[in-house]
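Before any questions on how it binds or moves, here is one chain, the form predicted alone, in structure tokens.
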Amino acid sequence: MTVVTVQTAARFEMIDITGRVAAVVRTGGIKQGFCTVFVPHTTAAVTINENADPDVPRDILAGLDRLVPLAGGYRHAEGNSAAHIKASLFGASQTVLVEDGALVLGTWQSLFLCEFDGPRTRKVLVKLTGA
């Protein structure tokens, strides 16, 4: 397993981590298999989506804010319940196929670390399985 550290800069953001994960795959020594990307945080998530147009991640964050507003009458004392809910909706991990030593992603797809309670230092755990 490889740990990739990501410093987030805002309360809510989507950070493209594709290049960092692809570097782990390139040096990981597998030609075919799976790459699992996991975040061990309850207010962050990992997703795959479009990165060709920077408005897509912005629209995703704006849509999430409409669905799960920051102030929603939550009971959690820390005041970050919206972040917990958003992280649960997206999930803590993604698995990507590896072929010929590279991530298999669609033309417009990228891996994103989703920050819902930043800024923070986040860990992204990358595990390769295969031969």
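Quick caveat: nothing in here was measured; it's all calculated off a predicted structure. Just count from 1 along the sequence shown to find any residue number.
In what follows, reference is made to the form predicted in complex with another copy of the chain, a form of this protein that is not presented.
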- Message: Under a 4.5 Å heavy atom criterion, is Gln7 part of the interface with another copy of the chain in the predicted bound form?
- Response: no
- Message: Even though the partner isn't displayed, in the predicted bound form is Thr27 close enough to another copy of the chain, meaning a heavy atom within 4.5 Å?
- Response: no
- Query: Do Thr18 and another copy of the chain share at least one heavy atom pair within 4.5 Å in the predicted bound form?
  - Reply: no
- Query: Using a 4.5 Å cut-off on heavy atoms, what residues in 116-131 are near another copy of the chain in the predicted bound form?
  - Reply: Leu125, Lys127, Leu128, Thr129
